[in-house]
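Okay, so here's just one chain, in structure tokens, the form predicted alone.
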Amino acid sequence: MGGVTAAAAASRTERPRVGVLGGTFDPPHRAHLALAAAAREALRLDRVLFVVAGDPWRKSDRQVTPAALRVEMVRAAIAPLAWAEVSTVEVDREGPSYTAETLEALVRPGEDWWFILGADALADMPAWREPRRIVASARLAVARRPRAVGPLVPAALREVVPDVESRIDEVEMPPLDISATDIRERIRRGAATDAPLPPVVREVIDREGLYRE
């Protein structure tokens, strides 16, 4: 007599698990992809949303590439990843991009959500807009480099969000020394970017003449 296996039944009842990786992505690089992949594996995420910042208010001190081009670069970078998607929720919304508002717009009942970030971003979170709302909407998937020393949660964040440690899941991150600032400087100098930058992203950059000045 036929029936449903325990594994099949579990797969139908398990809550979807979703990660959110936000950023300016100017440009998106291999460390972004590695972070998303590490969080997906560690937390068994069904999908990861790459949320492109529309108006990154904390980067008002420099010129940011138009959002449409940053979205195009992210789409190109994640095209081979069946589990990755681009969200334009911040690009479509007028005004500055705030993580708390973004998560509240994305999170759906009946699903488990994680906000993916690095340990350096976690240390900066006390300066963010309403970190309590962020932690209330989603757990934090925090990437910590191997052999990192010192406390993961800064005292300043604990003061703002006293229960933050109970909302954190650590993700082991491969040691990649890559930054968008360095990549932009490499392109300005005409240096190679094969190691830190997916070729499809470099194609968009060269086509549009980005980061030359």
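Quick note: we count residues from 1 along the sequence shown, nothing fancier. Since this is a predicted model, take the numbers as computed values, not measurements.
Unshown form predicted in complex with adenosine-5'-triphosphate (ATP); subsequent notes refer to it.
- The chain is drawn here without adenosine-5'-triphosphate (ATP); in the model of the complex, the stretch among 98 to 106, 83 to 91, 117 to 125, 132 to 140 whose residues come within 4.5 Å of it by any heavy atom is 117 to 125.
- The contact with adenosine-5'-triphosphate (ATP) in the model of the complex, taken as any heavy atom within 4.5 Å, belongs to A31 out of A31, L69, L49, V161.
- The partner is absent here; in the model of the complex, the one residue of R188, R167, R44, R62 having a heavy atom within 4.5 Å of adenosine-5'-triphosphate (ATP) is R62.
- Interface residue remark: P196 is not counted as part of the site for adenosine-5'-triphosphate (ATP) in the model of the complex, having no heavy atom within 4.5 Å.
- In the model of the complex, at least one heavy atom of L21 sits within 4.5 Å of a heavy atom of adenosine-5'-triphosphate (ATP).
- Among residues of the shown chain, A37 is not one whose heavy atoms approach adenosine-5'-triphosphate (ATP) to within 4.5 Å in the model of the complex.
- Among residues of the shown chain, V153 is not one whose heavy atoms approach adenosine-5'-triphosphate (ATP) to within 4.5 Å in the model of the complex.
- Although adenosine-5'-triphosphate (ATP) is not shown here, in the model of the complex the stretch 121 to 145 places heavy atoms of A121, R144, R145 within 4.5 Å of it, in sequence order.
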